[in-house]
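Taking the form predicted on its own, here's one chain by itself in structure tokens.
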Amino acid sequence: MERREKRILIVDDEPMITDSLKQNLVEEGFTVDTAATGAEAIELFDGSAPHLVLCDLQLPDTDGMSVLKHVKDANPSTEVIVITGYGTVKGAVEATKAGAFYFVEKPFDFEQILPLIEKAMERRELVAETENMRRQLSTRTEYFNIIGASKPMQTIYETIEAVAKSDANVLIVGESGTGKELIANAIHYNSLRAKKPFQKVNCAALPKELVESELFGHTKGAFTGAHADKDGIVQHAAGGSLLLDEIAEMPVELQPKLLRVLQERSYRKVGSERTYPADFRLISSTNRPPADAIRDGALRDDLFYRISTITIHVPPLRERAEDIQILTEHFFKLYARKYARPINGVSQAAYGRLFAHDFPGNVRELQNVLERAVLLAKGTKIEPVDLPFDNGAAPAAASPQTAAWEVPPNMTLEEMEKIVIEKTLQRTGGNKQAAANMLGIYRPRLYSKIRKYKIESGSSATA
């Protein structure tokens, strides 16, 4: 175990114990501080933030439980090993219930306590790594080229992290333009198959009669035009991953064959009786709700159950409006740099128009809007007139839903955020949980913003 820069605080009023422990631990490579009272221990802890505290329950000015409580309140990741004297074992048990890692009774040998110290340090490192990963995910605005900081996107990042290393089949469900392919890329390139091929098939783009041949290959003479043997995409994906985009558009008569391949892990080329091994991780996507596709007979339910071991729902952009600013900044910088355009940014009025738009084409539409705006902008900033929404004018014939999101020009981002929250509460009839879900934030955060902006959510508001 690596012990460099691992700091330990020993709290005991018996110098023989503190001196002996300190000498042995320093020889093991630890940095050690000692304290004889609870007050001194708390002062040292607050000043040095040790990784581990060894604390006697019986101290001259207080008991070790007070020190333990202070440590756990100040830094829950710091581990505490309680040292007990005769007759205080019951107190030590209470200390472990209060968060202590373990306890050791006096007298003890160093060889007895060293393994406990090592295990406590290992647990602290594991907890710290886990918290660090969670903190990175919870504040991440970009993940494998996916842009977004809203709660729904953080959930997607966490799901990718959790499932990527497995071979579980993944179904990605979301409207066109929400970034389903980017999520599929993140799964593959974060998996154990990352160095192997990643093949992609758009089931809606292939002629119906050629889908089976494209997937599994064919032999010479299998059908008119089959002049030679051909390997299919499944063969090209060997050892890697296969993305079946718009799987609900796959011919229904081919779906049982795909199901059999997934069950038996083998396939046949069109026109051949020979079987070949199928070694790929399946990722599927669809812009249709699976329940609708199954109801309409476009997707077999037995295939759906096989391909949806893990289902990732990608929200439309209108349900994660707080990501519009992050995405706008990303695409603006991307295209301003690409086309070498001397533009300084996006005006507040233009942001207002972007927030007012429902983006039926989702992120792909926003990306196209920003590329066009960067190319055509005449000033030093992108203005409403540069956006393809009725030349920047308010949409006269807009739907009530779109009109409700219209934001006046020359407003600060905080003022626009207040309007977004107000309009979202109107759309949900005052239901704060539904509004929080649409905005992609936790309900307590929504409450905080309602208080901050003094928003009246109406008498119909519900929690």
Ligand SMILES: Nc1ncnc2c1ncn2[C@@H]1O[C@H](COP(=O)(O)OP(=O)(O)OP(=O)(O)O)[C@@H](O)[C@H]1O
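This structure is a prediction, so every number in the text was calculated from the model and none was measured. Residue positions are given as counts along the sequence shown, with the first one as 1.
Below, we refer to the form predicted together with the ligand, which is not included among the displayed structures.
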item	value
Exercise: E181 in contact with the ligand in the predicted complex, heavy atom 4.5 Å	yes
Distance check, A293 to the ligand in the predicted complex, heavy atom within 4.5 Å	no
T155: touches the ligand in the predicted complex, heavy atom cutoff 4.5 angstroms	no
Non-hydrogen atom contact L354 with the ligand in the predicted complex at 4.5 angstroms	no
Interface segment, criterion being heavy atoms within 4.5 Å of the ligand in the predicted complex, picked from 255-263, 226-234, 145-153, 303-311	145-153
Position in contact with the ligand when the complex is considered in the predicted complex, options E322, E383, E214, E175, heavy atoms within 4.5 Å	E175
Position in contact with the ligand when the complex is considered in the predicted complex, options I113, L327, A120, A377, heavy atoms within 4.5 Å	L327
Within 326-365, the residues that have a heavy atom no more than 4.5 Å from the ligand in the predicted complex	L327, F331, V363, R364
